[in-house]
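Just one chain follows, in the form predicted alone, and it is written as C-alpha cells.
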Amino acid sequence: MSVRLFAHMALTLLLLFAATAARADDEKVVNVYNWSDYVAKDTLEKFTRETGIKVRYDTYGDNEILDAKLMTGQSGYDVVFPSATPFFAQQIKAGIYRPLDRSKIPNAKGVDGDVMTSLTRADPGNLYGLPYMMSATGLGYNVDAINRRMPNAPVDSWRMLFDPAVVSRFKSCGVTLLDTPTEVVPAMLTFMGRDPLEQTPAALDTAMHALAPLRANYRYLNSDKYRSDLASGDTCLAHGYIGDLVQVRARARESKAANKPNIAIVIPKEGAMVNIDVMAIPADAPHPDAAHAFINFLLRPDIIADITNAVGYANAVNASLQYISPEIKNDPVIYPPADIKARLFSALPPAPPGFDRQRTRAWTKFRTDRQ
C-alpha cells in the first residue's frame, strides 16, 4: 500500500469518526443514570417539553453499582448522581469526570454556599459536581409491630439494630440493613462511641467483630428492596436513607390495605451520617451539552422543589423553599433543626490505599455468613 493511499484512508477514517462524534453530540438526547425514585413523576417530561431533548433514564440501587459501571469506562451515560464521599471523590481521582462548564449552568448560582464548601472535601475547587439531594441515614419502623414485640423499645437509638438483646426481639417481623459497608460500619462505630470516620484496620475489625454475631437477626442486606417491604408490612425495621424512608411512610399512608403499616422515622440520637448526592458528567459523555442543560434544569428552584416534595430529600437550592410544601419543609428528619444537625456527621472521605479491598472482603464475608 502506498504512503499516499494509506494517508488518504487514515484521513477518511478520521473525518468519519469526527462526523460520527459530532452527530452524537448534536443528537437531542441525554442519557441519565440515577438512583431509584429520585425525580418527580413529571420531571423528565417537563425537561423534554421545554428543551426538546429526550431523556433515556436508567436507575441503580447503590453507589457500588454506579462505581463499577463508571470505572470500566464507556458507560454511555451523560449525567450520573454519585454520593459525594467517598465515591465521587475517588472517581474524580480516577479521572472519571469532565469539568463542568458553569457558563452552561446559570442556575448553579442559586446553590447554597455552605453546601458547596462542604463538597470541596470531595471535589477541591468544585470543578466536577453540583449538589442534587441531601439526606441523613437512619431508621424506619412499623410502630405497631415494634410495640407488640417491645413496648418500650429504644426507637431513637442505634440499639434497635446493634444491641443483640434488642434487635433479636424484632427478628420475627423482619429487620434489614443497607448493603454497603460505607454506611453500616460508621453507624456501628457511632453506636460504640468511636469515631465513625475512622478508616483503619483496627476500627474495621472492631465494627465487623461486633456485627458478625448479629447477622442472623437481619433478614437481608439490600439498599433498594427494603423500601417496598417496609411499606407493605413485610418487614418491620429498616436501616435506610431518610429520603427513601419518607417515601415509604407516604406509600404506607396512601395504601388502601386495611392493615397498612404505621411507619415512623428517626435519626438516631447517637449521631448519623449525612450524604450529599451530586450531579456530574462522565469524561466520555456522548452528549455533554445536553448533560449541562439537564443539570441546569434540575437546579431551577421550582423544579428541584417539585423533586423534594416528591421524594422527601432536602436540596441545596435556597430559593426552592418557597415552593416546598410545609409538611416537607417542617419535617425534622428532612430539614433537621439545629439540635439534630449537631448530631450529624459528613460521609466518609476517600479510604487509605488498600483499605477499600479489606473493607469489601470483610463485608462480603459478613453478607454471606448467616451463621
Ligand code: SPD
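Predicted model only: the values in this text are computed from it and were never measured. All residue numbers are counted from 1 along the displayed sequence.
What comes next is about the form predicted together with the ligand, which does not appear here.
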Checklist entry - Since exactly one of 38, 323, 335, 345 fits, which has a heavy atom within 4.5 Å of the ligand in the predicted complex? => result 38
Next on the checklist: Quick check on this chain: which one of 199, 275, 176, 91 has a heavy atom within 4.5 Å of the ligand in the predicted complex?
Outcome noted: 275
Checklist entry - Taking heavy atoms only, is residue 83 within 4.5 angstroms of the ligand in the predicted complex? => result yes
Next on the checklist: in the predicted complex, is there a heavy atom of the ligand that lies within 4.5 Å of any heavy atom of residue 227, even though the partner is absent here?
Outcome noted: yes
Checklist entry - Might residue 63 be said to contact the ligand in the predicted complex, defining contact as any heavy atom within 4.5 Å? => result yes
Next on the checklist: Does any part of residue 47 reach within 4.5 Å of the ligand in the predicted complex? Heavy atoms only, please.
Outcome noted: no
Checklist entry - Picking from 95 to 103, 262 to 270, 297 to 305, 238 to 246, which part of the chain touches the ligand in the predicted complex when contact means heavy atoms within 4.5 Å? => result 238 to 246
Item to check | Contacts with the ligand in the predicted complex - residues in 305 to 336 whose heavy atoms fall within 4.5 Å | outcome: 313
